Every structure is written in C-alpha cells, then in structure tokens.
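In structure tokens, the next block holds one chain alone, the form predicted alone.
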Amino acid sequence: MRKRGLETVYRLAKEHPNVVYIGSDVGKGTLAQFQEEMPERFFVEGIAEAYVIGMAAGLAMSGKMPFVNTIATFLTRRCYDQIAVDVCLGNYDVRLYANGGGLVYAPLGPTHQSIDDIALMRALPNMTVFCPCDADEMERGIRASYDHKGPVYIRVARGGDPIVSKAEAGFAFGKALVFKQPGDLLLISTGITCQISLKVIEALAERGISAGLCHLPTVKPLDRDTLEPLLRQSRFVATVEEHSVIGGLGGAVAQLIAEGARHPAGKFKSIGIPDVFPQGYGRQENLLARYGLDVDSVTQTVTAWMEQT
C-alpha cells in the first residue's frame, strides 16, 4: 500500500505541475524517480516534522499541493498545533501521508504505534480522514484527493495485503462501501480491518451467524446516508478498527447511534485497541492477536457478545 501510494503521488506530479513532495525522516531512495525528474518539487527536510507542516502550508497558500510524508505518530502528535493552525484553520490543500497507521511499526515499540491518529485528526475542523483497505483503494483515494478541497490525512498501512476493494464500486470521500448487506450482525470497518472483517464474516457463517459489512474508507466525513438505514435494520452492530476504542471509528458510529440513527433495542460494540499504550514487540500480526484484532479473536468476541446479549 505504501509503495502504491507513493507511486501514485509521483504520477500525479507528472500530470499536475503544482504537486509537491515533502519527506521527513524517510528512507534513502524514497521516490528517487520523482527526485531525478522533478527536483524542484522534491524536498527531504530531515527530522523536522513541525517545520515541514509550516512549509507545506506556505506552499499550499502559493497554489501548490504538497504531500507530506513521514511516520504517522510523528506526523500527528509532534506537529498537532501546526496542523491545526497552519493547515486546518486556513483549509489548505495539504496531504498528510502518514506511514504506519495502527500497529505497523510493531518492532519499534509504542512510540511508533499510531493508535490515536484517527481520533486526533477527526477532531480537527476541515480535516478529511482517509483509511484505505488496500493498495487499489489507496490509489483511487490519492487521485480523488487532487480535486478535493482542504487537508486530507492519509493513513498508510504496511502493504502486501490482498486486494479486496473493487474498482466498479467507485470512490468518493465521505462515501461508504457496502460489501455485504447485514443479517443478524453488521460489522463496520475502516482501513485493513475491512480485510479482517471479511474473513470474520466467513467464520461466523460457519457458526450459523449471518453478518454484513460496511467499509468506511473515510472516517471523516462519515457517510450518514449509507450508515443510518443499515444501523436501523441491524440488531447487532460492531465496529472493528486498528485503533484505540476511544475517539476513532467506534466513537464516530456511537455518536451517530446516540443521535438517533438506530432503534433503541439494538446492541452496539466497539472492537479495537483498549485504552493502553501497546506493549510488546514483534510483527504487526503479533500485536493484532494480542489485542484481539485477528480473525479468530474478533470472531470469538462477536460470537460471545451476541450469545450473552
């Protein structure tokens, strides 16, 4: 996903002379072809995240469209004030390309695990929060971002995951995608938990539980028009996200339900990372399992919850 996204930024730059790349603490050789062919629009500024946000805002004010690329925790936590004041307040066309959303950087520990980025970014006025489920959706979203007004946060997963999205479904910011109509249960996902949820649906079917899936490529804006009818027809609703259970997808959907989008007899559960800094090292898969976000764990959690309710 990360490679496809950067390749798409390069192709956009070839097509549109106002597209600019700004890297901070990125690997040597990142977008080398971009640097070679368009050096006047290629910048690597070192470990200076707050500075590059101000730089990006200035470029956007001058008619450029900068893509700022660095690690998600540094891009969100270290320069939150600059994103709020320099970018969002003026509603500038800055694209924040955040490497390692969720538990991707499991080998580097809690300082690099971006478990609160969705909550931080969706709290900012004018910010669009984009969490693609695979490389194809990443490409469609980045292309769509060129014609989108205002800042966009792009949550980049590890990559190498299977392609589950479909081009014929199209793409638009703020538009949900219904992979399967709900039965006993409606799962709501964002990012790579779409892939996890599709496998959970298969596992639940073997247990006689009919489940549907609504995938949200954009957590903000939230597609109320698609979600509200699905929520009303589903007795059980569960969100699944590679993010803290506080302030992310679950919080957004819970607010929608609390505002009257669902019959009061319905049951809701938020499945995600608990209110902790993730502990342990290893691979992303190890931490997903540790915090109950692998296929088997989500299946067990949902089954036990529905049986007890």
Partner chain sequence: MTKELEGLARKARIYALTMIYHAGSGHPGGALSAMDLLCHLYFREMDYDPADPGRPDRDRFILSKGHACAGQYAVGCLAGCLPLAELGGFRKLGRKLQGHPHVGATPFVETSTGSLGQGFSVAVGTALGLRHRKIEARTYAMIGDGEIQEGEIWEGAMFAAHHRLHRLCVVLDYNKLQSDDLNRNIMGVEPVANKFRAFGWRVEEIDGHQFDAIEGAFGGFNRETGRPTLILAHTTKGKGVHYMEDRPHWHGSVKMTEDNLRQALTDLNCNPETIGKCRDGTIWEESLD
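If you're wondering where the values come from, they're calculated on a predicted model, not measured in any experiment. Positions refer to the first chain, counted from 1.
There is another form of this protein, the form predicted in complex with its partner chain, and it is not shown here; the text below is about that form.
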| item | value |
| --- | --- |
| One residue of L31, V253, I271, L59 in contact with its partner chain, assessed in the predicted complex (non-hydrogen atom, 4.5 angstroms) | L59 |
| Its partner chain: the contacting residue among Q82, Q195, T226, Q233 in the predicted complex [heavy atom, 4.5 Å] | Q82 |
| Among 35-43, 261-269, 275-283, 244-252, the region lying within 4.5 Å of its partner chain in the predicted complex by heavy atom distance | 35-43 |
| Contact of M65 with its partner chain in the predicted complex (heavy atom, 4.5 Å) | no |
| Exercise: A48 in contact with its partner chain in the predicted complex, heavy atom 4.5 Å | yes |
| Proximity of Y92 to its partner chain in the predicted complex, heavy atoms at 4.5 Å | yes |
| Heavy atom of D86 within 4.5 Å of its partner chain in the predicted complex | yes |
